[in-house]
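Just the one chain here, laid out as structure tokens, in the form predicted on its own.
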């Protein structure tokens, strides 16, 4: 086999092994990644809900202060100033309060009498305004809650420190901001009036059902992997274990499934499948009249491999056709030089299977085989094995018709043991029946088997078919078959399967 082809196959096996190992790791990683994303999403959702709940409580204090002060709007500042300061004292999150008349602050908990026109602002929901600061604390954000009724009005301020501190405590590792109208406050207490940032991981926006504000929460880039590395180390170890096991199984299955095919292809190219010949003798004279060509695997390490260990696999894998072609070519090369010395046509039996009957290539193989011998010196007999059913299709009928035109004979091998023997007699133009050795072995031992054998012989006579008895090992079996006019005998009594050189030497001696 070419080196490039071997390298390519090795690369494919390595790639498949790696894929087998990586697949569970990748799939498990994807599942864990999705699980981590879902966990982070749930975490963010819970954080946002907690923040909304806490801010609602803080705004309740601010709103209650404004509601209690609203009825005092319009009264003299000296009369109500104490009430304003009491709200600041009683409300934990309220930093200052103001009373308004006709859009003008006239009384403050901080300054007492005061006069300042309220600037127009974009109040969220008409009541909330997030500010960068005021004259007292210009660098500290404030949240203003404004309540008005005709000319009366009351305002309460919530210190931005409380807001940012809540964002830090509730947010933890989560990025969390408070949004009021177009402005927003970050956990570091900084006021922003630009667009709220987009958080790369698990971003969630949640608004309050009671006040006109919302929160935006999420995680920074890479948080999913950080979460997985901190929460899932045991699962990663388990995934790697499964990956190694899966890769090992994939490698083992490849070796199991591809190695026999690869080895048999290599053996076919190296011509390790060699012909062995077993003699077939005439029933009356016991003269050698032909052979059955048997396939043997001459393995360089294992020696001769039994055919039952590789023939079924060769049939299943589709290699039996080129293997048979090689067997015919080797048989022709061995016996063709002797064909001119044959006194009468020498029978050469070769097994074929259903795989040979799928197209007409067998016709050309037989034509080339016959062309190697002296004209009329041999009879080629194709023996139909019944391990696989040969379907009587149009191609099959055309195949057997062309084979008969070439002078090729057709035999049914192991007749009486296959499920399709009688069907072959009806569907194909058969010339020989090969009686299975299981019936021959029962001669003189089992009466029922003897009756079946007699019935097979009688059937062959009525159909005018020649007979070959397989597995003849004793003289008694030989005498019985000869007495029943069986045409040809084959078995250890007349010779074991031999290599080509051994058979040619034995044939010359005979």
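Just so it is clear, the structure is predicted and the values come from calculations on it, not from any experiment. Numbering follows the first chain given and starts at 1.
As for the form predicted together with a small molecule, it is not shown, yet the points below apply to it.
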{"property": "Contact flag, residue 479 vs the small molecule in the model of the complex, heavy atom cut 4.5 Å", "result": "no"}
{"property": "Touches the small molecule in the model of the complex: residue 75 (any heavy atom, 4.5 Å)", "result": "no"}
{"property": "4.5 angstroms heavy atom contact with the small molecule in the model of the complex for residue 437", "result": "yes"}
{"property": "Close approach of residue 378 to the small molecule in the model of the complex, 4.5 Å, heavy atom", "result": "no"}
{"property": "Triple contact flag 425, 456 and 465 to the small molecule in the model of the complex, non-hydrogen atom at 4.5 angstroms", "result": "no"}
{"property": "Answer option from 281, 370, 294, 430, heavy atom within 4.5 Å of the small molecule in the model of the complex", "result": "294"}
{"property": "Contacting member of 129, 154, 320, 178, with respect to the small molecule in the model of the complex [4.5 Å, heavy atom]", "result": "320"}
{"property": "Partner-proximal stretch of 467 to 475, 33 to 41, 445 to 453, 50 to 58 relative to the small molecule in the model of the complex, 4.5 angstroms, heavy atom", "result": "467 to 475"}
